[in-house]
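One chain comes next, on its own, written out as structure tokens in the form predicted on its own.
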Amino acid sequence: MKKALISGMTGQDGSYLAELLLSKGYQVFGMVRRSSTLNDDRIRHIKDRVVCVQGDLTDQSSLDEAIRVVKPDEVYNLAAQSFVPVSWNQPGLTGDVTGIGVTRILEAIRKHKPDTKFYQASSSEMFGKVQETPQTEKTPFYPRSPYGVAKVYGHWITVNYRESYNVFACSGILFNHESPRRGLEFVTRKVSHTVAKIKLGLAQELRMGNLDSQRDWGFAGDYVEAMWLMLQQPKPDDFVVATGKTYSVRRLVEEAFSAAEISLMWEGKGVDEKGIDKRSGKTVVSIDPTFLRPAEVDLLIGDPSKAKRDLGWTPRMSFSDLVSCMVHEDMARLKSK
């Protein structure tokens, strides 16, 4: 039986990956930080089938011990300070966890089990101010946030250990991937959750930042399969994982209101400059400058040709189905409360 160690198992991607690996017969270990309470909401349904081990990306000795004790065949590093806006307020912490933390876990592998296969969660935010469209594995990086900068470090240190120590180390450059398990601070879940509340009469207003930013959005459950496939190849390599399609934040909002069967009229079409629906008098959408980034990433769209060709991977869930799924799941959660 193969053993896999997942850092960040209690997060969105980690929970979907744990499910996938369990379905394939793995013994799954999740690395969790020591805290007074464990946020296990996303893995509660599989908690009795996984093993939690103590570990922290800021602490080398804990990583050494985790690798030494578990002796994993595969390690998936999904843990990070992953919320881009927070990275401007906590750039040092973001660099330490999201960047240097990758070095620490690679060092633990090099010292204690060098035949372990390693997956690093790289990010489309590394492309930032994009140098070409669409973005491929060879597109130059131009990060526009401390998070993006830290991810670039994590990406290149993974390449360095692969070339310096012959570690089987891969990076998946994943573009935006969402699900009903996404945290409420992320724009997709913020939209789906707020629209669900509006539908149920629990809110009247959706406050947004830049509606014109465009992203390549896919389903997290599809993307974790690409992670696994990378570690099943004969040689390690890096792959862009994306849908190859882009949608604006404005389109995201429109899809969410449509899924909830709420009529949404933009400015000049029944909604005034403050986002007030002139027919009902209710505030539906308003623009709040506090949600704007210091340096915006305007357009991200990935070219997944290499992943499709070499891994046989392709995304299954469409953008519309993804947004609809998130809205209806949030409505169900709110109703159950």
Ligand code: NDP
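Here the structure is a predicted model, which is why all the values come from computation and not from measurement. Residue numbers run from 1 along the displayed sequence.
Although not depicted, the form predicted together with the named molecule is the subject of the following passage.
Asker: Would you check whether the named molecule, in the model of the complex, lies within 4.5 angstroms of a non-hydrogen atom from each of 55, 79 and 174?
Answerer: Answer is yes for this spot.
Asker: Mind telling me which stretch in 106-114, 156-164, 177-185, 132-140 gets its heavy atoms within 4.5 Å of the named molecule in the model of the complex?
Answerer: Partner-contacting stretch among the options: 177-185.
Asker: Among 75, 195, 121, 242, which has any heavy atom within 4.5 Å of the named molecule in the model of the complex?
Answerer: The residue from 75, 195, 121, 242 that makes the contact is 121.
Asker: How about residue 33: is it within 4.5 Å of the named molecule in the model of the complex, going by heavy atoms?
Answerer: Residue 33: yes, in contact with the named molecule in the model of the complex.
Asker: Spell out, yes or no, whether the shortest heavy atom distance between residue 11 and the named molecule in the model of the complex is within 4.5 Å.
Answerer: Heavy-atom contact with the named molecule at 4.5 Å: present for residue 11.
Asker: Using 4.5 Å between non-hydrogen atoms, is residue 61 touching the named molecule in the model of the complex?
Answerer: Residue 61: no, not in contact with the named molecule in the model of the complex.
Asker: Give a yes/no on whether residue 97 approaches the named molecule to within 4.5 Å in the model of the complex, heavy atoms considered.
Answerer: Within the cut-off, so yes.
Asker: If you apply a 4.5 angstroms heavy atom cut-off, which residues in 133-149 are near the named molecule in the model of the complex?
Answerer: Just 147.
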